[in-house]
Every structure is written in structure tokens, then in C-alpha cells.
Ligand code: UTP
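Next up: just one chain, as C-alpha cells, the form predicted on its own.
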């Protein structure tokens, strides 16, 4: 894109201020800014132009799960089928690790958070320990794809290399960078991070598959024979990855995806719940549920909307390819956005000051024809680290790590 094209594009959407420092930039800075303007999707800005609206939901209905008791009864059969698939390299794992550890005082990737007390034990390291349990029990390496962001890619890659991939086989580890989305003020004006850079952030965990494809990773996955991808979040230190029992259950069910879920600790627990929406699998967020939905029970007194997702999904690659050209809903999220003010000073706001744009993996579930809801024991598989103390915190995760015999 040349300067005149950039001016026309920005003028058409009322964002001419993006070029206000263009004349002060060197050639590299000018090329960098023009590239960002070229990649800018004006459609995103339209989402805030007439006021932010929530995405409309269809008709919601409860969805049960294969329960812990049912899984235990069929454990041997599920496990055998899952081990066979893993040994044939049909299963890959995708670690969503684009976030920063700012809530924990880190100016580095969240996966570099030290969760240890008596010794250093990093989030990345413990997740590798978890997947190594599968490698050791099956005798097969699981391809591991690590999604980073523009902000943390360099730190993440060098951290893995410095630590010799925590014992994982390097040739089975692939890194790729998540796409970014611009950030805007409440008035819909693009924020600048620097004179040659739009303020931007990772475009949400729903962008993982498109980012993986754009990084050219489909070819090595095809060569290895990968047919399924297990997607999981970096912040759950007890995450079971490429779990043969889960894999086997999904394969046997004939479903094109699976979701690990936990029974809600209480009706008002703040978790997204797996359900049906217009007859297809979906996830309803806790803040979208009516009071009736929250408390509704069956004839045995069990909550109808009972199973919360833990961001551990298994997708059939063939079906991911089918939905690639379909547009995921874009969620407009109010956030604190660091920006460069009119005086050219970098500002870190203490309160929300605008919007970011995100696509979410939960919307990918709704694009699938079916999904196996697979219950897991929350005390063995669900220790998310969202805060320093309190609920879903480093403090609570350490208690569960101790209960599970993890040395830290």
C-alpha cells in the first residue's frame, strides 16, 4: 500500500489521525505503519459505530454429559482406542499461550509464571510434565503447537529453547503467532501505541486455527498424519493434554468435537456452560443465563445447565477446515488499553478506556454439528490461575497441585 491509498482508506472511515506522525518516521517506520493500515479491517470499527450490541442468541436448551461414573465403566475401552490414535500420531495438541502475565507483575508471557514455592516450576514446564505423562505411557510423541502473540513470541520461543523444551522432543514442537486486532476508544477512534504502530492485541482464542493455517503448519501436520487437535489453555496447571480416555471417548462417539466439562460447584459459579443452541452444541456464558436457567433442575434435583467448560476441546481437523471460510462472531470487549496520547506520551490507564475485538473458541463449538460433553473431576483437572489470590488463583491452584501430588 502506498501513502495515497492509505489516506483514502483512513478518510473513508474517519481515522486520518493515524498518519499524523508519518512525516517524522524513517523508511522502516513508514512501511510498518502502511502495512498495518493495509491489514486494517474497517468492518470491525462498524461494530462500535452505532453503539456496542451483544451478539443475538438462538433458542437455548440443556445438554448433559458422559458422567464420571459412565466414563469409569468404559474407561478401558476408551483408553485403548485413544492410545491407538496417539500411537498412530492422529492427535496433536494446541497450547493457547498468547497472553501476558501482567496480573502477576510479569512483563513476560503468562506461561513463564513461577507456580513453585520450594523450587522454580513454571506454568509452561508443568504443562509439558502433564503431556509427558501421555508420551511415557503410550511411547509416542504428540505434536505440540504453541500459539504465541506478537508481544510474547520472542520471549516464549527463547524460554523454551533456554530450558531445552523442558524435556520435550524439539522436532515435535511448533510455534505460531496469533493474529492481532486493533483497539479503539469509546468513540471508535483507533488508538496508537507509537508513532508507527496501532494499539493492538491478540484477536481472541477463536483465531487459533486460522493463525495456525496462515503459519504454514497444515503441511507438517498432514505429513505426520494428524487428524485431531486438542486445544487447551495455558492457565490451567492441571490440564490433561491428549488424554487417551477423552480422545477414545470422542472417537467412539462419532462426534466431530469434544469438550471437557466439570459439574458446577454451585448454580452461580462463573463458568461458561455447554448447552444446545438451535439444536447445535454451544456455550452460554454465566452472565447470559437467566435466573431460571441458573437454578432449573431435573426430576432428580440435578441442575439442567450443569456442565462448565474448562477450555479443553478436541476438534476433527477435517471439520475445522470446512468452517475456515465462515465468519466467527466478533465480540467487542471493554478493556484498559495502553496508548499514546496527543502529546506523544505513552499512557497506561487504570480504568477501562475503550474496546478490543475478539473471536472466541466457544463460537467454533457452535459451528460443529455435534460435540461430546465429557465430565472430568475438577479437583484433578481444573486449577485455572486467573488471579493471585482467591477463587481461580495461584493460591487455589497450589492447593490443588499439592492434593494431586505435584512437587512444587
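Whichever C-alpha set is largest while still superposing within 1.5 Å between the two forms counts as the rigid core. Predicted, not measured: the structure shown is a model, and the values here were computed from it. Numbering follows the first chain given and starts at 1.
We do not show the form predicted together with this ligand, though everything after this point is about it.
Screening 157-165, 201-209, 186-194, 77-85 for residues having heavy atoms within 4.5 Å of this ligand in the predicted bound form returns a single hit, 201-209. Comment: this ligand is not present in this chain, but in the predicted bound form one of 169, 295, 280, 103 has a heavy atom within 4.5 Å of it, namely 103.
Of the candidates 91, 234, 314, 274, 234 is the one whose heavy atoms come within 4.5 Å of this ligand in the predicted bound form; the others do not. Taking the partner from elsewhere, every residue among 96, 335 and 386 has a non-hydrogen atom within 4.5 angstroms of this ligand in the predicted bound form. Shown alone here, residue 247 lies farther than 4.5 Å from this ligand in the predicted bound form, counting heavy atoms only. Contact annotation for residue 147: at least one heavy atom lies within 4.5 Å of this ligand in the predicted bound form. Within this chain, residue 230 is remote from the site of this ligand in the predicted bound form, having no heavy atom within 4.5 Å.
For residue 64, the Cα coordinates differ by under 2 angstroms between this form and the one not shown after the core has been superposed. Core-superposed comparison between this form and the one not shown: the Cα of residue 77 travels less than 2 Å. The rigid-core alignment places the CA of residue 252 less than 2 Å apart between this form and the one not shown. In the predicted bound form, the CA atoms of residue 119 and residue 102 move farther apart by at least 3 angstroms compared with the shown structure. The gap between the Cα atoms of residue 101 and residue 119 is larger in the predicted bound form, by no less than 3 Å, than in this form.
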